[in-house]
Every structure is written in C-alpha cells, then in structure tokens.
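Just one chain is shown here, as structure tokens, and it is the form predicted on its own.
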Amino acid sequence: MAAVETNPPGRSRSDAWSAAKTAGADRTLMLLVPGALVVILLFIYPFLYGLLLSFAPKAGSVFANYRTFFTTPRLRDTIATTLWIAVPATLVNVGLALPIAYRMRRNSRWQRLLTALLVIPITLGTVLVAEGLLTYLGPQGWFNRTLIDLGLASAPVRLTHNYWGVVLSLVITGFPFAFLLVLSYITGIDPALAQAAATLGAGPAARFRHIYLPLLAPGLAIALCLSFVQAFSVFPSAVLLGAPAGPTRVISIAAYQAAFEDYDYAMASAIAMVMGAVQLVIVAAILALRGVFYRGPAAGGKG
C-alpha cells in the first residue's frame, strides 16, 4: 500500500504566504526610500555638517567655540532669555487650546467655523503678523488709541519693542497650531467611554480627569513639544517686536550675528548645536513626564 504524503498542500500555502509577506515588506521598504533620502539630504547631512563645522574654530582647540559660548555672558544668557520667552508662550498656547478644544470636541458648525478662522494666522506667517502688531499695538495704533479714548489709559501702553510684544506674537501665531493639534487628538477619543462613565455616576470633572486626560496625555505631550520648538526658534518676532540688542536677544539672533555679522560660521554652528541640545533636553523632559498621566503602551507602561 502506497505511503500517503502528509501536508504538502499546507506546506505550499505556508510558503506562498511567506513569499507574499516578503514581497509586501519589500514594497513597503521601497516606499520608504524617497522619504529617507529627503531626511538625509535636508536634515541629517546639514546637521552633521554643522556639527563638524562647530569643532573647527578660527582659533583654539576643537571645543573653543563651545568654551567661548558658555564663558561669554552675552552669549550664554541667550539660553535663559529664549526659555523665558518660549516656555510661557508654550504653556499659554497649550493651556488655552486644551479647554477650548475639549469644549468643541463634538463636530458642529461652530467647530468648523472656528477651525477655519484659526487657520488664517498660520497662513499669514510670523513676519506679517509681527508687522501687523507693530501697527496695531504701537503708540499710535488702534489698541492704544481705543484705550485712551475710553479713558482706560492716560498714556499709550508699551506693547512693542519689548518682551510682551514677542510673547503676544508667539501666542497669536502659536495658539492656532496648538489648538488644531489638540483638537485632532481629542476628537479621536471615543465618546462612548465618557458616556459609559456618566452612566456610572461620573461627573464632567471626573470624566475629564480619568478618561480624557489619560488618553490625551500622549497627544498633549506632542503638542507641547512642537509648540515649544516653534516658540524656541523665534527670530522675526524677536527682531521686529522685541529689543534684539537687549531683553529679547534670543539664541537665534546670536547665531545670526555670528554667521552674517561676524562671518564666523563655525561659531554660528556651535550656537545652533547648543540651541538644538537645549530643545532636545526640554522635549525629552516633556516626553518623560507624560507617563505621569498616561500608563499605556506609548508611555512604556502596562497596557
């Protein structure tokens, strides 16, 4: 009696399935090639070039530029100045965006209208917004003239060429970005979870604290990171609305002056590397703190 072969059809199906998975994986990798080339050409290569250039000072050892930066108060203090501008602006933007986005999480015509209105400051850009604020908030601008005409102020309130002008510009240009980002995250949370909690007696505050906030924590962390990076790299607002030689001399202005006024590109690269390192530290701290509220897989906790 002839022997019966066992499972040849099953083995064929398994081989075919493995071949199909391999072919699909190969196609996926091929789709990643254009994006990887863009990242290499526009980010990795410039970063490595700037990093190596920062270790090639005009004079001194390889760390001379970094030593000069941290031993020169006028350069070193730009870190604190930039943080003093960027951190409050970031907290205001995300702090205002969260309750408004939470209130407007349900799809409605008001949500669509507000979203359309908030896109306008993003499309205008920081330079045009700064120019507009110079006219609007200046000593003879509409804001001050209205305050004086209403008797609310006896003299123009100084809101330009100082700290407050830069912060206001960052809030106007950064709040729409933070709001739209938070809104996209919060509308992705299934409302059935909150409805189920409400049937168990949870009030609005409890539902926000125990359902929305933990699920929103990863999105809030990303919104904080992106808003902070956007605010930390402030340049046009600090020049047009601030005092670039004084209280709003941010680190980007120091890098610009080193490159295009002193023609010391190595020093400018070193300042840019310090700038990137400070941002990296803050972003890492934010991503580490998100685990306080979120215990899911994205934060490294138990699912």
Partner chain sequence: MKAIRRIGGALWDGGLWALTLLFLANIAGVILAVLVNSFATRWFGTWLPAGFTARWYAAAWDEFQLGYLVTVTMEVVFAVVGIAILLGVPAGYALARRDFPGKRAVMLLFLLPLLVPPITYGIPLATVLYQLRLGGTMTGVILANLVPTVPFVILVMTPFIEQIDPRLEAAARVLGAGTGRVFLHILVPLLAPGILAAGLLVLVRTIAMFELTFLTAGPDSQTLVVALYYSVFAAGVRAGQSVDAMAVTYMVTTLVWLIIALRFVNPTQLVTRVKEQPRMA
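Positions refer to the first chain, counted from 1. Values in this document were obtained by computation on a predicted structure and should not be read as measured data.
Missing here is the form predicted together with the partner chain; even so, the following discussion is about that form.
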ask   = Counting only non-hydrogen atoms, which stretch in 151-159, 134-142, 67-75, 81-89 is within 4.5 Å of the partner chain in the predicted complex?
value = 134-142
request  = May I ask you to check whether G60 falls inside a 4.5 Å heavy atom distance of the partner chain in the predicted complex?
outcome  = no
request  = Report whether the minimum heavy atom distance between G165 and the partner chain in the predicted complex is within 4.5 Å.
outcome  = no
query = Is the gap between G219 and the partner chain in the predicted complex 4.5 Å or less for some heavy atom pair?
reply = no
query = Does P247 reach the partner chain in the predicted complex if we count a contact as any heavy atom within 4.5 Å?
reply = no
query = Hey, which residues along 28-57 are within 4.5 angstroms of the partner chain in the predicted complex, non-hydrogen atoms only?
reply = T28, L29, L31, L32, P34, G35, A36, V38, V39, I40, L42, F43, I44, Y45, P46, F47, Y49, G50, L53
